[in-house]
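One chain comes next, on its own, written as structure tokens: the form predicted alone.
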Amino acid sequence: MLRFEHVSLSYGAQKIIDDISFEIQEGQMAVLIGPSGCGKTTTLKMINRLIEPSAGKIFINGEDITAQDKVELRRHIGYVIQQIGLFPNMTVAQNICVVPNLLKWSKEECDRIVHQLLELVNMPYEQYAHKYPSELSGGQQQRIGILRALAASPPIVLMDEPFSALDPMTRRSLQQEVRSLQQKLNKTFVFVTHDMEEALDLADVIIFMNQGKIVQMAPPEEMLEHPASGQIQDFLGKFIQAASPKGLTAADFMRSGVYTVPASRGINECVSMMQRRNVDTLIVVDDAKRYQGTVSIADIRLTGHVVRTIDPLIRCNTPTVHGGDNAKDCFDLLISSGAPYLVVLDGEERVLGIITKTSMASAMAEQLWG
């Protein structure tokens, strides 16, 4: 989907980006993180050609971005920044539809998009569509900035520390909403942050940079288990510190950031998701994000040809626990059940994560050896 090949950037003798290569798959949430001046925002801005590299190539869907007109490229890449940048003289609906209007979409299509997107972030159309930015809170303004970036259904959305100016509660709420939107719409997000907690909560893959180079690129669980440098270990800080053995709960060693799918998703769509993520099972939730069960590729192959959605194929044979459950009890259940993992739920039966034998072993090793 998005590929960097030996990309470098120099200003005179100063090397800003030093021969980086990586690939982000379609539908992934990739988070760029590292110390100030490491090159993460510069890397982000290269994707929509706000900054041009000195060497190397960047590809989107196999096409070299330098072969495209800059303006046309940017109209098909969403972009969200900390300053938001809503037009103060435009209503919420007009701000959301800036790019669709530039693309000459019809008024009816623009109205439909505004209705749909405001509904996704629980901002009713009748209440908010005709308000101006000055009538909104900071969190609401940032929500509109995110919706504007999504309005033309771009395959890639870039986000440059969009929540760093918000209070902790609003920030946490927006993080959850962005993750939910990204999963619902199956878009590729590239997100810059300096906050490791935010990276761990949001990312499918974390790209840690320092001095213009990629130090480690890995899923959150792998980075927590095997940080590639002392600097990364410092960034992870409290997240890899051992908890008291007696106080360990399921939430302490579960794998978070688990991908879930609604029961209404189609068979072919789910098979494609499994192939992209190299898994044989999907965790299924309802419209309220409550856990419903799992669906496997084996069941799809057996009876998938006679149904349209995965709903009839859902099984409830995977054991579940809750985030506050005792660690030893979860360990006993994982071993005795023979299941490959346990699904961890919150008090409202929503999926928090999964416990695998790998995550369990890592937690126990941390208690033994630190």
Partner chain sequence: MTIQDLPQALWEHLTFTVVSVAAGFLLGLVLGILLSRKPALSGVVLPVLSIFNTIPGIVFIGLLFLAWGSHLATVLVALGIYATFPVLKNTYAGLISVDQQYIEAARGCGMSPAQCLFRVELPLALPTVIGGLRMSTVYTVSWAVLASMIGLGGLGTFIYAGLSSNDNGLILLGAIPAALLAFVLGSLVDLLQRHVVPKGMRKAGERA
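All values reported here derive from a predicted model rather than from experimental measurement. Positions refer to the first chain, counted from 1.
Just so you know, the form predicted in complex with the partner chain exists too; it's not on screen, but the next bit is about it.
- Among heavy atoms of Arg148, some come within 4.5 Å of the partner chain in the model of the complex.
- For the chain shown alone, Phe235 is not a contact residue for the partner chain in the model of the complex, no non-hydrogen atom being within 4.5 angstroms.
- Put simply, Met274 is far from the partner chain in the model of the complex: not one heavy atom of it is within 4.5 Å.
- Of the heavy atoms in Tyr128, none are within 4.5 Å of the partner chain in the model of the complex.
- Out of the listed residues Ser229, Ser153, Ser134, Asn278, Ser134 is the one that sits within 4.5 Å of the partner chain in the model of the complex by at least one heavy atom.
- This chain is drawn without the partner chain; in the model of the complex, the residue among Ala288, Ala298, Met169, Leu102 with a heavy atom within 4.5 Å of it is Leu102.
- Across the options 184-192, 220-228, 94-102, 253-261, residues that bring heavy atoms within 4.5 Å of the partner chain in the model of the complex belong to 94-102.
- The partner is not shown here, but in the model of the complex the stretch 65-80 reaches within 4.5 angstroms of the partner chain through a heavy atom at Val71, Arg74, Arg75, Ile77, Tyr79.
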